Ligand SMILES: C[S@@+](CC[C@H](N)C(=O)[O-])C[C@H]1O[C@@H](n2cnc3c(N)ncnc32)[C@H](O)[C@@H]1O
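Only one chain is shown below, in structure tokens, and it's the form predicted alone.
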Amino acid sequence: MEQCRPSSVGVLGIAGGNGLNHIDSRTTTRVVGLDINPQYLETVRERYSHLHGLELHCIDLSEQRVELEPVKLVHAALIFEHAGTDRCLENALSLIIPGGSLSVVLQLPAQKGPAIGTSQFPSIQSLEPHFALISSAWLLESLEGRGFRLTYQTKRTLPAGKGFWMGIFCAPKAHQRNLE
């Protein structure tokens, strides 16, 4: 799958950088990580200092406008639930080159239990007031209305009852970046 071997990738809400160890730096020569938390970015900088082409930016994706050189693939896993789909979605789309891809992971409604599970870390519970599920059907309709085409989707259910939807969308070749 060509989307999984892009020359450049942007990760929205990069947190601690889990998964960056799977990047083949012979293929992917630029990795752009964005997060609101400077401590997370410092952790990524320390853990992945060997990763060539790593760019880290502290930004509130729900409030600020991203003005960076676009990438071939933007990965947005569980970010829209926290940052919303207004400015954050516009930022995601503005980071994609024409003909590039957007990979999205959304949390599905839990079959049982709360949307944000219990954790040994009390700070996780503080996220609940800023969390809203995003409908995959709404996202699909919204992106198709902008000329994006769904090329892959899957659903996964975890034993605790939570589920996730993943979709990969291809941007139109004449994709216009919204820079307002």
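As the structure is a computational prediction, the values presented were derived from the model and not from experiment. One-based numbering along the sequence shown.
Only in words, not in the display: the form predicted in complex with this ligand, which the text now covers.
_Answer option from 108, 71, 77, 93, heavy atom within 4.5 Å of this ligand in the predicted complex_ = Selected residue: 77.
*Just one of 132 to 140, 43 to 51, 150 to 158, 58 to 66 has heavy atoms within 4.5 Å of this ligand in the predicted complex; which?*
Only one stretch qualifies here: 58 to 66.
*Find out whether any non-hydrogen atom of residue 167 is located within 4.5 angstroms of this ligand in the predicted complex, and reply yes or no.*
Heavy-atom contact with this ligand at 4.5 Å: absent for residue 167.
*Do residue 83 and this ligand come within 4.5 Å of each other in the predicted complex, heavy atoms counted?*
Close contact exists here: in the predicted complex, residue 83 approaches this ligand to within 4.5 Å, heavy atoms only.
*asked:* Within 4.5 Å, heavy atoms only: does residue 12 come near this ligand in the predicted complex?
replied: Residue 12 belongs to the contact set for this ligand.
*Might residue 29 be said to contact this ligand in the predicted complex, defining contact as any heavy atom within 4.5 Å?*
Residue 29: no, not in contact with this ligand in the predicted complex.
*asked:* If you apply a 4.5 angstroms heavy atom cut-off, which residues in 19 to 58 are near this ligand in the predicted complex?
replied: Counting only heavy atoms within 4.5 Å of this ligand in the predicted complex, the contacting residues of 19 to 58 are 35, 36, 37, 40.
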